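Take a look at this one chain, the form predicted alone, written out in structure tokens.
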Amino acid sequence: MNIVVKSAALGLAVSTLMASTAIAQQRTLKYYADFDPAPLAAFEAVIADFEAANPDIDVVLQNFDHEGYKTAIRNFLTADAPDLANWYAGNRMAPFVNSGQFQDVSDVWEEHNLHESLASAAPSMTIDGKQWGVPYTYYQWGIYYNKSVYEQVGVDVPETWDEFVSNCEKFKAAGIDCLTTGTKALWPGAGIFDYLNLRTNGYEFHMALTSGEVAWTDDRVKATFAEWGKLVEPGYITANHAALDWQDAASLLIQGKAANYVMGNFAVAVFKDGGMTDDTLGFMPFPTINPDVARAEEAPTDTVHIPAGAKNVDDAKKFLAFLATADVQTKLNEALGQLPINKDSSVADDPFIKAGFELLSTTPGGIAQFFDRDAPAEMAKIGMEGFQQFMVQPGQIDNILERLEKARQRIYK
């Protein structure tokens, strides 16, 4: 009996010791994010998978309101930093990198061969030759077009800018807007400018311009607007675009009153809700303007970073490596309806998702984030107002560029 009691006591002691050891080994990973409901559910599934693979790590996710997060991150990075934080690639992360608030994670990229698997987004994650986070999703921009009106007018899908402009003459003769947009909220016009500048001057120049390193009165900027003028001056763009929301312009494409629309892939749902199908809706890369410029694309990229004040850096790096894997990015983006960045991931059986994955995973020239992510908020607003005015008053181009240049000198000093 004594033996049984002693054995039971010993067993209890061992169990208690094991439990204490387990508790002592359990580690917490604090993660601040700004997910909307659908992405939140998808990411909670990723976290559950990570915790199952790493039972000694407990990820504590604190989700902020999307808009409120933009202010909150500036406070918590200096006051009470988590171990992981959501943000964006490109120039948008530069202020936090340059102020020492994001950690260099180049060792994660090297150890897990991310320079190859995440190659398409590597330039937008690199500053001073180092990587500062891991990207997990993006979506393509390009030109969505109405196949029926292309057939009606009898033109081919263009590969070059000259072919695109030539088509516009035929669309106008048929009473169809060659290019539609709705700039009531300003940002759709930035998509047009970004692509014109990327195709005229290339990714590095575009990044230098949005970083405030190039004057808006530079001849290379004027060259971009000269290409834009080939659509504006003959009246190839929807005339009342400044009074339209982007969905209003989408309706023009759906109704066959417009042929082309520079837009992000999120618009496909609106086109299809309006009655378009895979047989009537087409997608093409923005045409080549300067053949000597490497093809760069526009794809707003969401990322995760390790703040400088993180307390559990080792496990944070383990999470970044997990998030970068092909299988995790496949599962996550299936739920998001967007594109994985890992080139070995697979994508949904959707022609627009497949076209975007092919476009972005093979781009040799870099990936821009979008004008209002690549430029500071104040410069972005003034710039987009200028883009809208140019499409209404192209003769004011010199005054517009002088105004943008004065803003650049004030905002970036």
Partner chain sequence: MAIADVSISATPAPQRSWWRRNQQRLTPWLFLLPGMAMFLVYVIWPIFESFWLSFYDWDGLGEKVWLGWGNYAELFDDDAFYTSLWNNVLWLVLYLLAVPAGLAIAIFLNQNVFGIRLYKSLFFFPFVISQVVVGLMFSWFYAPNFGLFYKLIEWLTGTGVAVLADPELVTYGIIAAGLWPQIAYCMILYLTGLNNVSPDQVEAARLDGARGLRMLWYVILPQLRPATFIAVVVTVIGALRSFDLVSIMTDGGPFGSSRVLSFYMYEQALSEYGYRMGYGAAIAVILFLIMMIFISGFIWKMVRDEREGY
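Positions refer to the first chain, counted from 1. The shown structure was predicted, so the numbers you read here are calculated from the model rather than taken from an experiment.
Keep in mind the form predicted in complex with the partner chain is missing from the figure; the text below concerns it.
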Discussion item. For the partner chain, considered in the predicted complex: do all three of Phe96, Lys184 and Ala377 come within 4.5 Å of it, counting heavy atoms only?
Written reply: yes
Fill in: Residue contact check: Arg92 to the partner chain in the predicted complex, 4.5 Å heavy atom
yes
Fill in: Partner proximity in the predicted complex: Gln101 to the partner chain, non-hydrogen atom cutoff 4.5 Å
yes
Item to complete: Answer yes if any heavy atom of Lys354 is within 4.5 Å of a heavy atom of the partner chain in the predicted complex; otherwise answer no.
Response: no
Practice prompt. Spell out, yes or no, whether the shortest heavy atom distance between Ala335 and the partner chain in the predicted complex is within 4.5 Å.
Written response: no
Fill in: Heavy atom contact within 4.5 Å of the partner chain in the predicted complex, the stretch among 237-245, 222-230, 111-119, 152-160
237-245
Worksheet, complete the sentence: Answer key: of Thr217, Ser166, Thr71, Asn290, within 4.5 Å of the partner chain in the predicted complex (heavy atoms) is Thr71
Worksheet, complete the sentence: Answer key, the partner chain contact in the predicted complex at 4.5 Å (heavy atoms) among Val304, Leu252, Met276, Ala267: the residue is Leu252
Response to the item:
Output row for the Glu67-Ala243 CA distance, |change| of 3 angstroms or more in the predicted complex, reads closer
Practice prompt. Kindly indicate if, in the predicted complex, the C-alpha atoms of Glu67 and Ala269 are closer or farther apart than in the structure shown, bearing in mind the change is 3 Å or more.
Written response: closer
